[in-house]
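Given as structure tokens, the chain that follows is alone and in the form predicted alone.
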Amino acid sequence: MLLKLKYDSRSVRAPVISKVAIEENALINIIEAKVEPRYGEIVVEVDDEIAERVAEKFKKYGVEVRKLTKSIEKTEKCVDCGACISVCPTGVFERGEDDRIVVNEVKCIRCGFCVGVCPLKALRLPE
């Protein structure tokens, strides 16, 4: 499961991810991060079975937590041009039997390359 963590000026200076990983004996994979001196947003991936427990621990340390249900979203604007296929480093997109683009969200690492190259802005990373 993907969790979006928002840090305020106090929590951004503490080693919260390390503390949660050690205390919950959890593997936490950082997918996306934007950290500044007074603010931070980090998307992490944790096993579904322990996601609730890990989320509660982050909240205990003053971090706002939101579950991300989708990693990439294809809208009806998509014309199946395939630009996303050529730039995706993890193979999220492929052509289906009907030649339309099929999305495998599990492979998405939220790098955003596909969003940047889509000529019709048909892809987005849900917040």
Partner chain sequence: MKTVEEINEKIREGNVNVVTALEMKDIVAELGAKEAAKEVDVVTTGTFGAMCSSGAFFNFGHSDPPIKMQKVWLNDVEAYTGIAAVDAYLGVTQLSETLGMEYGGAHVIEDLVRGKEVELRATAYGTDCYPRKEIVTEISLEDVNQAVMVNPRNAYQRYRAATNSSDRVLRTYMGTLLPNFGNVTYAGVGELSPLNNDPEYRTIGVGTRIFLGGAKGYVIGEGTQHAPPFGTLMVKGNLKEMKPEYLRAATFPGYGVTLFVGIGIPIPILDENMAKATAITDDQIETVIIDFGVPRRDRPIVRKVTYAELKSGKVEINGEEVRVSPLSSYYMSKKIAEELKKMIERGEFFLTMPVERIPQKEVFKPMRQKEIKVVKSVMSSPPITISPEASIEEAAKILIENEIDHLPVVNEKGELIGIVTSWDIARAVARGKVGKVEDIMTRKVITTTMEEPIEIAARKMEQHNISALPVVDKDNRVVGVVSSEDLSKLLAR
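Each form is matched to the other, and the largest set of C-alpha atoms that superpose within 1.5 Å is called the rigid core. What you see is a predicted model; the values in this text were computed from it and never measured. Residue numbers count along the first chain shown, from 1.
One more form of this protein, predicted in complex with its partner chain, exists but is not displayed; see below.
Interface residue among 118, 17, 12, 108 relative to its partner chain in the predicted complex, by the heavy atom within 4.5 Å criterion: 118. A heavy atom within 4.5 Å of its partner chain in the predicted complex is found for one listed residue only; from 102, 81, 65, 26, this is 81. Although the partner is absent here, residue 48 lies well away from its partner chain in the predicted complex, with no heavy atom inside 4.5 Å. Not displayed here, its partner chain is approached by residue 98 to within 4.5 Å at the level of heavy atoms in the predicted complex.
Looking at residue 59, you'd find every heavy atom of it more than 4.5 angstroms from its partner chain in the predicted complex. Its partner chain in the predicted complex comes within 4.5 Å of a heavy atom belonging to residue 85. Looking at 65-73, 86-94, 27-35, 49-57, the stretch with residues near its partner chain in the predicted complex, meaning non-hydrogen atoms within 4.5 angstroms, turns out to be 86-94.
Residues of 35-55 placing a heavy atom within 4.5 Å of its partner chain in the predicted complex: none. A movement of the C-alpha atom of residue 77 reaching 2 angstroms or beyond is seen between the shown form and the other one when the two forms are aligned on their rigid core.
Put the two forms on the same core and the Cα of residue 15 is off by less than 2 Å between the shown form and the other one.
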